[in-house]
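The chain below stands alone, shown as structure tokens; this is the form predicted alone.
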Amino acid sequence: MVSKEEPLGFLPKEKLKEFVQELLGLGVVLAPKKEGDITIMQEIRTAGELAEDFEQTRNNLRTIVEPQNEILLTYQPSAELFCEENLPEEKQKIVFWCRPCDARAISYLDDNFKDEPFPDPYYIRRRDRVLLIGLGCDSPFPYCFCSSIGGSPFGKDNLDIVMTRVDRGYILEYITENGQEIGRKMSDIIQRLTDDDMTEMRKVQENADKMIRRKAPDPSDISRKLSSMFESPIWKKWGDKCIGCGICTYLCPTCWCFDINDVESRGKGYRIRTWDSCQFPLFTLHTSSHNPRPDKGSRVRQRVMHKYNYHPINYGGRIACVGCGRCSELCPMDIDLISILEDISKAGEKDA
């Protein structure tokens, strides 16, 4: 049984699918699901759809709280009601087995969409109805570098529950009252831990930190140096490799840029918000035909500057990167973020 005061619980591995099936009765469940050769975080309808063995989902939590496409409002000049706001439904969503880096990234989306004086009601309605159950990274992935920028394979930021995989099953750590409530509702499934379970949990978590091989330069040092590197030749060097596909920004869990367009169909209008990317040439194109970021180097600069300089300046020193490594892993031109940061670290003010 789990009491209100109990911070930990144990889920035997043979009870995992039963646990997930119970979650399905509490709301819409989004979980890692195999789609060909990749794993996608998406809605599942049965426990059997859960991908139990996966590394990192191709998408991240941004797709849940800020969809790639959404209708903000509809309008119809001939109708009695000229304009109607399309606020999202307030359905409870449970995200099962997100990675701690993706959960941490939610804080950076909050910086933009919950920021006063103009909080975004569409984002907030989704954000406030999401419960996050994380799975710690017992075997961090080759491109990860979360520990270099304040994260951890078993970080707890924004999570309601974090799970640690051990030999006999999973240890659940309840972080919020919502997480505790899940534990109470699963009291017939969740068991108490043994001392051996606790020892194994600590060993798994300590080993995970040691297994992260990629290290990024000190982010505060990078942020400081970038302030005087606007004209650095580094940007042309990396811009020459870039093809402007935008995959780095579309896969990034902390990116938030969007465009808004009005579309008419059969006498009815729709105002649609869609993701955009600072890596696209049209992103900053003026109606005068002037573009303040006319080349790929200036657009690569914008991406790095935003993450490591502009965001820290505007939001209390926080670097807008969680070290998930997706941008480096999946760039078709092998543009590696850590390599860019190393160039910045070596150059500094000297070559600015």
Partner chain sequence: MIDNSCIAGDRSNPFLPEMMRIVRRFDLTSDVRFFQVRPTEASRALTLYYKPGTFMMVSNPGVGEAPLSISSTPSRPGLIEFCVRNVGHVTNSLFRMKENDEIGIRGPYGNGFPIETLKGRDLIIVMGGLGAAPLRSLLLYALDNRDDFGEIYLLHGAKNPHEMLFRKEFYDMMERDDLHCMLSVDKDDTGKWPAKVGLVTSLFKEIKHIDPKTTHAAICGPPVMYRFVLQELLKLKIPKHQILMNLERRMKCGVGKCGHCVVREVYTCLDGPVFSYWDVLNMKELIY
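Numbering follows the first chain given and starts at 1. Just so we're clear, the structure is a prediction, and the values are computed from it rather than from any experiment.
The same protein has a further form, the form predicted in complex with the partner chain, not shown here; the description that follows concerns it.
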Does at least one non-hydrogen atom of residue 157 fall within 4.5 angstroms of the partner chain in the predicted bound form?
no
Do residue 197 and the partner chain come within 4.5 Å of each other in the predicted bound form, heavy atoms counted?
no
Considering only heavy atoms, tell me if residue 85 and the partner chain come within 4.5 Å of each other in the predicted bound form.
yes
Even though the partner chain is not shown here, does residue 250 get within 4.5 Å of it in the predicted bound form, heavy atoms only?
no
Among 52 to 60, 291 to 299, 319 to 327, 26 to 34, the region lying within 4.5 Å of the partner chain in the predicted bound form by heavy atom distance:
291 to 299
Answer with one of 193, 72, 245, 211: the residue that has a non-hydrogen atom within 4.5 Å of the partner chain in the predicted bound form.
72
Checked 264, 90, 206, 177 for heavy atoms within 4.5 Å of the partner chain in the predicted bound form; positive is 264
Looking in the predicted bound form, the residues of 106 to 122 with a heavy atom no more than 4.5 Å from the partner chain, listed in order, are 112, 113, 115, 117, 118, 119, 120, 121, 122
